[in-house]
Every structure is written in C-alpha cells, then in structure tokens.
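Given as structure tokens, the chain that follows is alone and in the form predicted alone.
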C-alpha cells in the first residue's frame, strides 16, 4: 500500500497524530506529506515517555528515516515551523513547498477579533485571514521568506516520485470532515475543504495514485468552538465519563457527545474511506487500556467495534487502546 491518506471523520481531535506516528514507525514510511489548513491543527504524539503537540510538521517525525514534507496547499507560520524542527531535531528531513502561503502577524491579529473570534470562535492562529488573502492573490509565499529557504523543495514531485518507486507514503490530513468549508457545519467550519480529496490536492497527488483512505474516528465525538454537536453532553457529565478534554492548540475545553454513527457513515462516503481507525477505546472501555490484540478486548468493546463495522460497511483495522504510539491493535490483513 504505497500511498495512504489519513483523515478525521468527525470534528477533529480524533487522534490522527497518534495513528500517523504509529503507521510511520510500523510501515517504515519513506515520506509523510502534511496536508490541511495550517498551524490551527494540533496533533499529539506520545513516544518514548515524551508528549509532543505538533502544529506544522507531520506526526511521522518519530520515524527517523521518514522525509517530512509540507504541501503547497498548507499555510505555514515560519516561527511555529522552526520551533518544531528544533524540537524534533529534523533539520535534514524537512521540506516545504515554495507555494505554501505564509501566515503573518497581521493575519493572526485579524483572526483574534471581529466575526471570526466572536461568532465562529476560531483558533486565532491566522489561517482564515491568510487563506482569504491567498484567494485574493495577495499573500506572501514560502519562496519569499529567507528564514525557511533551506527547506524549500518541490513537494508534489517528491511525493509522486516516492509513490512511483513503490515507497510507503502517508498523506496527513488535518481538522475533521465536518469542519470542511464545503461539507461541514458552515459557517462553523475551517477556511478550506479538508476531506481526503482536498488532502491529495494539497500535496499534489492525483486520485489514481491513492491506494488507501484511512478514516480516523474517536470512540466518542468532540469539537472545539462554535457550531452544532448532536447529542452534546455537559462538561460535568463529560468529566464523569472521562471524556473531558482540552484542545492542543487553543487550550479550550472540547465539547463532547457519544459516537455518531450517522456522521461516521457520511464521512465514509465523503472520503471514500477504505478502512477505519477507532481511537480512545481505553476511555470508553477502561479494560481495553494497553491491549495489543483484538482477543484481549472485553465483549462489550468487541460489540461496539462490530456495530461500527456493520453501520458504516468499512473494516476497523486499527484500534487505539492508549495515548502512547504503540498502544494500538493492528488488524490489517497483511500483518
């Protein structure tokens, strides 16, 4: 399976960072290309006793032989990028496409006031105003910024050459299907499409080059900011259930609700998902913590997974049983 696209099937916060870091290590990915919006997405990776909260670099940084690319459709904040390169000591592995648009202080300032801040409750990271300026063809591009000149590379060319050479390539999506500008809960959404098709476009890969689309779903649903969340429970109830979470980028409380089968089905359709990962099973069923095989799961947890597979008609191939990279049950047939 040389090329896999990994996207979220709900409203973000489903654990894509954990799943992508696992896949990179397990499958020895040659290249991981970051798609999506920009530094408004937080991906958490727990590896070798350390917790990393990434906003720009692909979560595959944990595999030291993986090339880490940022596609031309992604917005780049140079300050965030350089901090993460330093944090992960990945200076020789990072590539940024010259066509990436650059987030400037004026974009962040605009994002933290007015309609976007008060009504939409965005992350305030400047992505919406930057994408608006890009649409007006006035934005600064990565090729114009000296601080990141050393990383500039033709990302579509690198990704396509790796796929043509049968190397393992991961395209890392961000946000979630129902935060898409086109398919989400408009106007409570992000500033572009974030489905699998858009992720491919962001890094310059055509649809015939994709082998698998992995949809990441959490055992319950959460979202940050404004907009509808069907079945939403109170923060107090979320705390009782162990579903109370704080967002990695904004530090805001995540609103919570039970697993939504209807949204999961629609996400499968919108993304052409071929397989599904279900994360945070250890939160819903604490007896699952650290399980490495399906047989170790309690019957109630197995019934939950089987119901998901029946409802969405797609196999659940990966099950997250804890925050650490290797706390995964891998049910992929080739293993």
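Note that the structure is predicted; figures quoted are calculated from it, not measured. Numbering follows the first chain given and starts at 1.
What comes next is about the form predicted together with a small molecule, which does not appear here.
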So in the model of the complex, does any heavy atom of residue 171 sit within 4.5 Å of the small molecule? no
Contact with the small molecule in the model of the complex for residue 252, defined as at least one heavy atom pair within 4.5 Å: yes or no? yes
Taking the small molecule as it sits in the model of the complex, is residue 69 near enough to touch it, meaning that at least one heavy atom pair lies within 4.5 angstroms? no
Look up in the model of the complex whether residue 184 has a non-hydrogen atom within 4.5 angstroms of the small molecule, and give yes or no. no
Of 121, 143, 209, 265, which one comes within 4.5 Å of the small molecule in the model of the complex, counting heavy atoms only? 121
Select from the listed residues 279, 59, 40, 271 the one whose heavy atoms reach within 4.5 Å of the small molecule in the model of the complex. 40
Based on heavy atom distances of at most 4.5 Å to the small molecule in the model of the complex, which listed stretch, 7 to 15, 321 to 329, 307 to 315, 20 to 28, is the contact stretch? 7 to 15
